[in-house]
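This document opens with one chain alone, in structure tokens, the form predicted alone.
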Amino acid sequence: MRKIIIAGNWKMNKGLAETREFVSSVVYALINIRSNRVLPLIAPAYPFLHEALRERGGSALQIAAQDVSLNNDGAFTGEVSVSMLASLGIKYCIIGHSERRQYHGETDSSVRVKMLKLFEQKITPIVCIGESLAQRDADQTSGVIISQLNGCLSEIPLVTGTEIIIAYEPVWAIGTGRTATPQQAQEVHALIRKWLVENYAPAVAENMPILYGGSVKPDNLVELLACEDIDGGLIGGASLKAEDFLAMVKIGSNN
């Protein structure tokens, strides 16, 4: 059975003291949420990854990076390499987020390269895909999603289905307050799982967690998790408040 993953992408929010306070309070509260069904995860900003790891201790809370460089080392000012993340003990990393694609020109090809580099250090990629509002309105959602899967996962070896996590994020629902209906989200998640069956194997499709991202919050998470192919959320704004994050972890643990 696939785990429910409650993943908070903090983006460019929270400083050192706020990160420390959040992690400390969440770790304490997780003691009373004993469930092997849910995996709680947050992705703080780069400078505070070490502090977040230190504060989490041996708790269930996992710490992810928000991105990683295409380069291994060298004269790349401001970049952070996979080996640097591995040296911290990071086990998860988001790649291909729509904001990285939009503002930094990232492509399916660059996402693929990052994925392979993460594999080398045994870091699990959280691979983001999703269509824009114009593409949805033009009835191009299926084509866009399949194209992104073909590009990101071209010749990527997947054997068990646990090598990566896919996050479907309709770009039009990120930070806008708009959310895909559970039916809309389920349709795309089912499409992704069908593609995995056709391009890999039924076991890969069955085992792979597929998250929904786009204005997820405690109020709509129950309905989303009721869908057969939705295994959690990649959550932005609602993950910044410890009480909201914990509420969503509890929902996941009861699912």
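Numbers for residues come from their place in the sequence shown, where the first is 1. The structure displayed is predicted, hence computed values, not measured ones.
Below, we refer to the form predicted together with a small molecule, which is not included among the displayed structures.
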Task: in the model of the complex, residue 215 touching the small molecule (heavy atom, 4.5 Å) - done: yes
Open item on the list: Residue-level question: is residue 99 within 4.5 Å of the small molecule in the model of the complex, judged on heavy atoms?
Closed with: yes
Open item on the list: Just checking whether residue 118 would be counted as a contact of the small molecule in the model of the complex - the rule being heavy atoms within 4.5 angstroms.
Closed with: no
- [ ] Give a yes/no on whether residue 11 approaches the small molecule to within 4.5 Å in the model of the complex, heavy atoms considered.
- [x] yes
Task: Interface segment, criterion being heavy atoms within 4.5 Å of the small molecule in the model of the complex, picked from 71-79, 136-144, 165-173, 110-118 - done: 165-173
